[in-house]
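Structure 1 and structure 2, given next as structure tokens, are two forms of the same protein chain, each shown alone.
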Structure 1
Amino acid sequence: MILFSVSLALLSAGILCLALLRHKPRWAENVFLVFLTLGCGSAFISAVDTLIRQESFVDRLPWSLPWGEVTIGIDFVSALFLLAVTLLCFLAGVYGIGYLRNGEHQQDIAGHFCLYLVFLMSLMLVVTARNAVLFLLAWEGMSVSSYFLITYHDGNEEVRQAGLLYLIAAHIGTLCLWVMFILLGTQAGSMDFGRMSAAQFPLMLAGVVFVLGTIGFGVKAGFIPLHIWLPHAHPAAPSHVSAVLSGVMIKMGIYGIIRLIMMVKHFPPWCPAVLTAIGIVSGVGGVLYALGQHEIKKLLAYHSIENIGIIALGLGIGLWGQLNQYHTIAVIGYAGALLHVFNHAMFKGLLFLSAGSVIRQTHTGEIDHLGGLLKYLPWTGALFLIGSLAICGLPLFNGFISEWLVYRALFEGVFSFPMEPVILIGLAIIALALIGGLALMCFTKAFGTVFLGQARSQHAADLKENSAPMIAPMAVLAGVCVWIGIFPQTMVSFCLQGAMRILPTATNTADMANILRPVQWMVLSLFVLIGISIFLVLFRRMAMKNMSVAKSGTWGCGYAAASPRMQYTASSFASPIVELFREVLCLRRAKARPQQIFPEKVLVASEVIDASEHFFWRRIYRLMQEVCGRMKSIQCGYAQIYVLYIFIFLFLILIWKVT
């Protein structure tokens, strides 16, 4: 506790220092690094301490907000989130120093770092706040500071628009949270989380609160169809910010839902169904849209939606288990969700950072303009590959472990639950399988087009690998991904512990051993795989010794004049699936057909339209604009009419109230 307070104090000090260092960018970098390290370090240690010693605490700081106390606490769930927050924010921050150096807007660097610390601090407060008012305060602090982080390159119109969309979405979501917390607080008689947990909520109220929470937190988390800000904001932000946004900030929505489940406990039976359905739609929708993207960070942004979908599936099945008294299923589902939160923070952070490295060197994120970068950016490429393998949920990497837990919970749900849930759960399993397959396609596309084959532009030869301070954070993230992938026991047991804390009733520890045993076996089988691979590599090296190895061009099937531009593009690669889901994706094609006998230019461009954005939200916005435009004639400029308004209103009130 003391350590955590120290961390908060350090960060505040850092914020103050940086606010004063506007004109000294180099100084600002150092000061930022020092305070970031100290602040993240102490918070990280306090989180680890909580996880290891298994004791949570709640404490009240000597300070009072107008409507509540500053109560903070770290329990298991908070600690897990705190772990991801501090780790990723620290690494992304370190990366950010290198990323922003020598870029444009040097004079804003101190402000940027300052806001980064504000953002970090509000993230830490969000997961540790134990009072609704403090929570909302931190929540809005998070939204606003991240808005300014996103709009760092604000000379660009698109960036400003993206930021604005994000801020508006975030704030409207927050307004839903206001109502939600007020409803909870009214019932509990206090805005304190502890009191809320102790209160009893009628089922009806629980349902309303659930809906409000799902909307309010869902906007942040990026549930489809509330996700529209996400694919715009992530590409707009500097890469280290995208990493943090995608890695931890959208998880705050998940944290909120988990906290809500912990407080309300009993929900109407349709709630898990809704959560599962959201998971299915977001997961499959996210990955399908990702498949249609041509821009690397936009692609990654849609993958965030997909992963949020997977997490929602975990939560959904967990909640189902909780409501139907299947504690094992609930624990596994929640643990899967929690672990995936952490894992996603790691591998998505890694992916965004390595995408940032690519963009920093090539100045473009268009996948189809790149190619062959593995030769020029070997570290970035290798680390991106690790991230890709992890996000596809393939064995040996962390994504698999959490997806495996979610699968496990779902499969156990299939043969435990009554008919109606089983249909949805079956669908969820299929969706998860489809997500896996599509993600694989998407990341082979991304990795293959960007890093493999030949460069599609001439400038590639000048590219240099980024500096070590940028590579090192990525390497650490990759290390964590592999560590959890091969030695999952530690994190899985932490997450199981956390999941048990989510349940209202205590689960015995024998259960946990049962749940953990297959994980140990899995480690064994993974080692078999590793062993075989090592054996094969060694064997190959031996066998190759006395064999001829020749170098030659790629076999062009008889075509002699192949050029790099003839390589299969990302769009073509994705096209079989995009075509198959044409209707869902609202595929738009622009074609210029060959005109003369010797046509000069032929053009094919395809674009995937985000249906909920274009056919729902934009229309609503346009409608709103139109209605407001019409109503502007109220303010027509004639004083006589204005006077008449007064009397008409008076008259109406008289009729209403006096007769």
Structure 2
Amino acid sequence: MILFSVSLALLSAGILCLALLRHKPRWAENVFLVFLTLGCGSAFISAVDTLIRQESFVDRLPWSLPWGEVTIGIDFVSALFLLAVTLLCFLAGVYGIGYLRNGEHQQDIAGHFCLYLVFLMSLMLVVTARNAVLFLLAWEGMSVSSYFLITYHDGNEEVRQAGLLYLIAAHIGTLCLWVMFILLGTQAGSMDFGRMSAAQFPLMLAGVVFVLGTIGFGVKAGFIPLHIWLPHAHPAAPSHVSAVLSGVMIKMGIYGIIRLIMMVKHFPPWCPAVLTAIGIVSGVGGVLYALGQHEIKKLLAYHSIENIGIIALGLGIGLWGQLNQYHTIAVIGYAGALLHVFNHAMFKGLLFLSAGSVIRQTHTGEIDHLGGLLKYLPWTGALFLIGSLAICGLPLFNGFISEWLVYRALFEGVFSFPMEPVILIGLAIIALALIGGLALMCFTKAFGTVFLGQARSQHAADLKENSAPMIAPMAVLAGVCVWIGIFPQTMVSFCLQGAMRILPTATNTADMANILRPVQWMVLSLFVLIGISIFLVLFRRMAMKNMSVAKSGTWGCGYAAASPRMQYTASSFASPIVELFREVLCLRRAKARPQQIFPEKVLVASEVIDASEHFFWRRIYRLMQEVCGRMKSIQCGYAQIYVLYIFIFLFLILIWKVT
């Protein structure tokens, strides 16, 4: 716990130093790197120490807040989230130094790095706060600092609109969290998490709190239909900020739900059904919307919603097991969710950083404007491929391990639970399989269109690979993805231990050693298959060493040379699936038909409409704008009128007190 306190002190010192270096970008880079390394390193060691020693630490500061003390603590669940926060934020911060160097807004770079450390410090306090007031203050600090990070390129109108949308959505969620914690604190008699965990809550109150928590935390997590800010904020932000937003900030919503489950413990029986249904809708909806996107960071943003859906499935089956006293199912489900939180931080951070590498060189994120980049950006292409294989949940990569745990919990639930929840759990299994297949198709589209084939525009001219400060963090994330995929025992053990802490009662863990046995056999079989394939290739080369082999070009279907126009675009590749789900996706097509015998231009364009945003939230947003516009007359600019407002307000308070 001392190391964690040192980390907070170092980050505070870094914030102060960067605030004084506003017009010295080179100095700011060095100061930022030093304090980022020391701060993240201290917190990372503190988290690892907690996981290895399996002990919780709590520290109370000498002064008090309203409704409780300033209390911070690290337990198993906090340590797992802190591990992801510190590792990804450090790597993304190092990447950001190279990404922003020699770019626009160089005079503001010290301020950007200062806000980045504020954001990091807020994330660390969110997962370690043990008092509701401190938690909400850290939550607000996280929301406000991330708003300024998103709007770094504020000269663009779309960026400003995306930031405003995020800020509105974040504070709607925060309002729900304030109401939720006030209800919990009133019932428990304290805003301290320890007192809340020891209290007993009526089922009706638990249901109300669950709804408020699902909305408040779900806005940050990106549950459909509360996700409207996410597809706009990720493309607007710098790529290293997008990586942190997607990799760890949206997981704060998941952390909040887990902490709520740990405090309340007993919920109405419909709560796990709601959580599972949210997982199905968010998972399938996210990947379907991703298939219809033409901008690479927006595509990745919708895949964040998809993976949040997978995590929600793990939490849903875990809560079902907890409420029905099936502790083994609960532990496996919670462990799958916890591991997918960490895994998603790694491979989604890798994918956003790789996308940023492409955008920095080509100055565009439009997939249909790219192509053939693998020969120019080989490291970026190879690392993007590793991230793509991981997010698709394929064996030998980390995404497969966490999805396997969720599958295992769901199948255990089908064979153990009574008939009522089995139907929804069966739908969850089908949804998880559908998510995997659609994700594989989506990233085949993304990688193939961006990195393979021929260039579709002039963006590929005179390209070169990015610098080491950008490639090295991506390589580390790729290494973690492969390490967990091949040797999952360490992280799975940590997540199983964390899952046991979520449950209100102790569990028998004798059968937990057999959970990964099928995975281990599958990994071993794949290595044997790869070894046999390598042997056959080498044997063929040796056997044909002295033989002459004639080579010729591949038949080009009668064309002398293929042109970029003959390639699949992102839209045409995904068209069969998008057409199949066109009613769900609200697909729109624009066509300019030929008007002459020899037409010069023909336009065919498609767009996937986010139904919940355009048909529901946008209307509410316009209504709010109209109401606020009419209320502008109150802001008249005369001091006398403002004094009158104060007098009226005090008069009303006096009447209320007298009566």
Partner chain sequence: MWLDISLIVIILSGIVLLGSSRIGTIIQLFAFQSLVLSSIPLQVDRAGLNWHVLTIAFGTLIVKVFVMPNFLFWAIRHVRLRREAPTILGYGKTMLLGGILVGMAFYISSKLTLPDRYFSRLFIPAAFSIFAIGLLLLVSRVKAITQVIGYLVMENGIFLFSMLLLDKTPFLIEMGILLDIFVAVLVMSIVINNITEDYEDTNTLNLTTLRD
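All figures in this text were calculated on a predicted structure; none of them were measured in a lab. Counting starts at 1 with the first residue of structure 1 and goes up one by one along its sequence. For the two forms, the rigid core is made up of the largest set of C-alpha atoms that agree within 1.5 Å on superposition.
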(request) Report the structure number, 1 or 2, for the form predicted alone. (result) 2
(message) Using the rigid core as the reference frame, would you say Glu626 shifts its C-alpha by 2 Å or more between structures 1 and 2?
(response) yes
(message) So that I can tell if Gly531 moves, could you say whether its C-alpha shifts by at least 2 Å between structures 1 and 2 after the core superposition?
(response) yes
(request) Answer yes if the Cα of Ile641 shifts by 2 angstroms or more between structures 1 and 2 on a rigid-core superposition, and no otherwise. (result) yes
(request) Superpose on the rigid core and then read off how far the CA of Trp521 has moved between structures 1 and 2, in Å. (result) 3.8
